[in-house]
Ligand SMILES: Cc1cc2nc3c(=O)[nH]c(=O)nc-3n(C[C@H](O)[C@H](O)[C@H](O)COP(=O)(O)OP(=O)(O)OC[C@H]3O[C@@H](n4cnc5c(N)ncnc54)[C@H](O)[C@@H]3O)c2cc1C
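In the block that follows, a single chain appears as structure tokens, in the form predicted on its own.
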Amino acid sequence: MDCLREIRGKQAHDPMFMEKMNTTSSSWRCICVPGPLIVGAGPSGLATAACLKEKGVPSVVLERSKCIASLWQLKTYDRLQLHLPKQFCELPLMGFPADFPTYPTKQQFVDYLEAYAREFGIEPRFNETVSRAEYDAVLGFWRVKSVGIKGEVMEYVCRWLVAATGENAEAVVPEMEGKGEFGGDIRHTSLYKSGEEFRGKRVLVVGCGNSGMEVCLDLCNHNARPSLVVRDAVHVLPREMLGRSTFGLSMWLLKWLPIRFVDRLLLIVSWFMLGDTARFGLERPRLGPLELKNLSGKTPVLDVGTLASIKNGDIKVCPSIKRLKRFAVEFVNGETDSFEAIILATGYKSNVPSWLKEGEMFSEKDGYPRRPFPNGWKGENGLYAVGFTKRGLLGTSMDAKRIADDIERCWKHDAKHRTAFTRSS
């Protein structure tokens, strides 16, 4: 552990970036990072690295996949577009190109993120999966171990650690009775690309969030025969109303009106535009869409045409699943229907507790910061979180700026002491 012994005799503000091979094993290396270490090269990690770079603070970004924004590049369906207008989805310091449409496509968003990384010189270390990160109180540093695709082990030693793996790190795959006997294709939306391979088939989509609704529409457009499991009450709103995006209109109204009044207005306009969704099996929650989002993080569905397909019978709405049978599903209302495939639009979850060994900032139950927005971005001993606000890319940008500001203050404070120490010596 030559690297760690050397650090013990140095200050945390050492500006040198030292990389040393362990003399006893060529498969182990220790890297001493002068600035923050960021885990995750999705939009959250990129935004934080860019904000730090603008302030003159170097960082190292680790990414378990082979590319930036791996969720968008590798685990999303082909027809995906941003559900919110582009002005609400841009990262700090760089907007979308002017010629991009209001709702950029999946590929356009990926192109934007790649251009963003180039603009700020962000070069993540790919194919490095963080297996463990813990604070060494004796050393006064974070020790972060990662494993490469060939099994090589790296240990990073840093003063600041930023968890940027976000809310969508791991797919949520629910247990279903009879799963082993179903016989057909069962896959999570992270493995779904297009309805083309399901053409002519009866497909059950489980989950009625934005992804589930859009996958159903995609299946319809490819002449499949989808059904949709709706387990809970859900708010369905038009993507645009009164000539503006529903989200943009909501943000504008909240500047002047209380949230419950804005919710009431949104629901009235939605009723005139979409009708009574409960008639089609889509009961609304008792809380309004914005209040529910604030309290639970549950996002309302912004309709892009799925509701029309439900109304005309192209998409059948079903209750919760009781159990699976051979190419069939029994529902809790006692009905049974046949299906050739099941798509699980059951969302994602944080994986922070699996690698971050600390019990104060993050909850082991759900992997989110214990302190709610807007106070969940900072922990103890130089630990930070970005991308866990349940407020999309707007929340990510806010946290990235806060983190960069906070680390910059420490960085400048250390630089001042470095200068004073150099002069006195």
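The model shown is predicted, which means the values in this text are computed figures rather than measured ones. The numbering used is simple: start at 1 and walk along the sequence shown.
There is another form of this protein, the form predicted in complex with this ligand, and it is not shown here; the text below is about that form.
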| property | result |
| --- | --- |
| S70: touches this ligand in the model of the complex, heavy atom cutoff 4.5 angstroms | yes |
| Contact label in the model of the complex: S211 to this ligand, heavy atom within 4.5 Å | yes |
| 4.5 Å heavy atom contact, P369 to this ligand in the model of the complex | no |
| Contact label in the model of the complex: L62 to this ligand, heavy atom within 4.5 Å | yes |
| In the model of the complex, segment of 73 to 81, 314 to 322, 280 to 288, 177 to 185 with a heavy atom within 4.5 Å of this ligand | 73 to 81 |
| T105, S194, T129, T102 - the one with a heavy atom within 4.5 Å of this ligand in the model of the complex | T129 |
| Contact residue in the model of the complex, chosen from N221, N168, T346, S309 - any heavy atom within 4.5 Å of this ligand | N168 |
